[in-house]
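Below sits a lone chain in structure tokens, taken as the form predicted alone.
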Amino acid sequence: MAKYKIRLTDVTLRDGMHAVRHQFSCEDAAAIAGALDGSGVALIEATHGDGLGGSSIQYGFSKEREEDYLRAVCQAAKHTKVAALLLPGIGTVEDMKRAIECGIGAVRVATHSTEADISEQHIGEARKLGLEVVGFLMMSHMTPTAVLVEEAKKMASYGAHCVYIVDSAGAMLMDEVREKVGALREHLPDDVEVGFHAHNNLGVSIANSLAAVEAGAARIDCSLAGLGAGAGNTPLEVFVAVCEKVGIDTGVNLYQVMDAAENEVRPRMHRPIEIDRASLTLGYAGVYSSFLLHAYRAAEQFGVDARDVLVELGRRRVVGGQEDMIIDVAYEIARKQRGAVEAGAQK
């Protein structure tokens, strides 16, 4: 008999969009959603990497119109509910209503881990519209456990069916995961589930996800082949295999998701999902994983080391929505380096 029974959300078609610069086509999306459909995952999340309304000059333009992308996924996922991500301030209630018309059945409302209050309107409206609603506390490593508990309580009071601890930077280790997930499970109402979303920048996404389950998480996020921002997410097929070995019931067909990762996702990757020096720096510095490609581009533009950019962003404690700071930081580093060189030449 399984020790735990959990539900998995696949984020390949949302978080994975960061890793392909939001360039999945409708055909790509339909192929991946179709390969996941009926596999036993509870939700397939699909939007721009930064959620509804994210296709923009600030966050990167998607290859496809948002409605076309969502319809392609919803039509391919005939047996599995599709979710959209919404970040208040980027996406709107009107965006959510259009997504419902495309066929979504769930929404995940994401805020910085100390700003749950800005989700009240969106969570409340989503409940009125009959959606399954998840609250997403991003960059949870930056916030003390007691504060996270209070923020999670807010989301639960607004109507969230589940609240997530989100390790957006891949900066957490297992003890911190156990503490924060366990605290949410202890203090939230019994009918509000706790979830956990990991990134693999420190190489511990599977270990952290297991720790979350042991601490009371009923939902875990994964992606096929780990496709996602930074060093990627918890790889779905690997996590399912590990869960089977340790007695956790995910309800997911292991062979089907192995085939989906190998046949549909790996051929569509722009680059390998691995812990390289930049993604490792994200976890080390505690910087939002979706900043990675932006930092690479800014570093190349100004001729500086992307690691210096990421570490400085971490020192400044930047959060999602402050992507414009990446250019500022790269420029400042380049200016300081030029100044140092000029000063040295004058001696």
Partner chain sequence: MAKLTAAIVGSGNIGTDLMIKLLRSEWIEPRWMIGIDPESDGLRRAREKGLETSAEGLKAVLDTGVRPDIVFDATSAKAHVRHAKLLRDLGIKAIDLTPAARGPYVIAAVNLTEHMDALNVNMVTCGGQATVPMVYAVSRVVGVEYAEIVATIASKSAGPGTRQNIDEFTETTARALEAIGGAKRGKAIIILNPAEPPILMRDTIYCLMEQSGPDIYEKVDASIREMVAHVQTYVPGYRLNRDPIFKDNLVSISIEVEGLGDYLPVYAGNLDIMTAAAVKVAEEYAKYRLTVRQ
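The model shown is predicted, which means the values in this text are computed figures rather than measured ones. Numbering follows the first chain given and starts at 1.
There is another form of this protein, the form predicted in complex with its partner chain, and it is not shown here; the text below is about that form.
Looking at A29, A299, L292, V318, which is the one with a non-hydrogen atom within 4.5 Å of its partner chain in the model of the complex?
If I apply the 4.5 Å criterion carefully, the residue I get is V318.
Answer yes or no: in the model of the complex, does its partner chain come within 4.5 Å of a heavy atom in every one of V177, V246 and E274?
No, the candidate spot makes no contact with its partner chain.
Specify the contacting stretch among 274-282, 55-63, 33-41, 304-312, defined as having any heavy atom within 4.5 Å of its partner chain in the model of the complex.
It is 55-63 that comes within 4.5 Å of the partner.
Can you tell me if V20 lies within 4.5 angstroms of its partner chain in the model of the complex, counting non-hydrogen atoms only?
Because no heavy atom of V20 falls inside 4.5 Å of its partner chain in the model of the complex, the answer is no.
Please determine whether T114 contacts its partner chain in the model of the complex, using a 4.5 Å cut-off between heavy atoms.
Yes, contact at 4.5 Å.
So in the model of the complex, is its partner chain close enough to G89 to count as touching (4.5 Å, heavy atoms)?
G89: yes, in contact with its partner chain in the model of the complex.
Can you check whether E94 is within 4.5 Å of its partner chain in the model of the complex, heavy atom basis?
Heavy-atom contact with its partner chain at 4.5 Å: present for E94.
Quick one: name the residues from 114-135 with any non-hydrogen atom within 4.5 angstroms of its partner chain in the model of the complex.
Counting only heavy atoms within 4.5 Å of its partner chain in the model of the complex, the contacting residues of 114-135 are T114, E115, D117, I118, E120, Q121, H122.
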